[in-house]
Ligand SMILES: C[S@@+](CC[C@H](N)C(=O)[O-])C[C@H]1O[C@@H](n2cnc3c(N)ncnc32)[C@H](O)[C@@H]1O
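Below you will find one chain, with nothing else, as structure tokens; this is the form predicted on its own, and questions on how it binds or moves follow later.
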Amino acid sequence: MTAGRILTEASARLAAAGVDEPGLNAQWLLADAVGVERLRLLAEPDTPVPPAAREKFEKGLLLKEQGLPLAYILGWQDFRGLKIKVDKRVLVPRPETEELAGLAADFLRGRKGALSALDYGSGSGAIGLWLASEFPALGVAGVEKSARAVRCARENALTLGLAARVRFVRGESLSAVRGRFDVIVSNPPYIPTRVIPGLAPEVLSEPRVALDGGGDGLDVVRMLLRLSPSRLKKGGALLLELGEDQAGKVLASLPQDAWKDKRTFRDLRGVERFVFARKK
């Protein structure tokens, strides 16, 4: 069978299973099975697909029909150009989190001297590892509640050659690490507990600890707001990714005596998603 025919049939199967972007998912799965770039499959639809590759593709297709995230099937997720290993131990990094990392980088470029960053709720380590790759002298600490996620993040640090500058530790609050930082960046769990049962199957296959933000979704956020001033250098920044309708509420709760330059940023979809504030 040719790549074009396989993709046509697979796209129809995924669409019937209710999978978003069925064509794109089928392309990634087949490209991975064959071992070629995705765009090459589209440019050369008459390429024969060997039986071994078809068998691997079929296994991935079945997992996708069952609601498993594409990144779990492939075993990795692109994060601003970094190939980050992901599996059921960690949340799959979203495009919004790539935007969050970009905002942190923009802030760091305006800072002088020895720079340091703290990534709270680091999961796969994507934010901290990408920042370290962007700033060769940056020291990065990652704090993560899940021991399984910490192991995944450390594996990524080793694979990317960044283990000497990025350290990941297990902890439930900012007290898990010492020192003060130029920036604290976090994509914390922010989904209200009551909302979680109604989430899409793909999301429900991800670690609940990375999703559940408590009654109103802001339990972890309140901890970060309380402890961040004591862990930031003067003029250092706190950057948070939040759910829809949360950013304005969180911004309003930041006390004037501790913070300045308070603002929110919208994501590429126009959602007020990110909170930024600098320590006085």
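Predicted model only: the values in this text are computed from it and were never measured. Start at 1 with the first residue shown and count on from there.
FYI, the form predicted together with the ligand isn't displayed, but the following is about it.
- Segments offered: 155-163, 104-112, 123-131, 197-205. Contacting the ligand in the predicted complex at heavy atom distances within 4.5 Å is 123-131.
- This chain is drawn without the ligand; in the predicted complex, the residue among V34, A247, L70, V220 with a heavy atom within 4.5 Å of it is V220.
- Looking at T97, you'd find a heavy atom of it within 4.5 angstroms of the ligand in the predicted complex.
- Contact check for P192: no non-hydrogen atom falls within 4.5 Å of the ligand in the predicted complex.
- Put simply, K145 is close to the ligand in the predicted complex: some heavy atom of it is within 4.5 Å.
- L82 falls outside the set of residues with a heavy atom inside 4.5 Å of the ligand in the predicted complex.
- For the three residues P93, G171 and P188, a heavy atom within 4.5 Å of the ligand turns up in the predicted complex in every case.
- Counting a residue when any of its non-hydrogen atoms is within 4.5 Å of the ligand in the predicted complex, the hits in 198-225 run V209, A210, V220.
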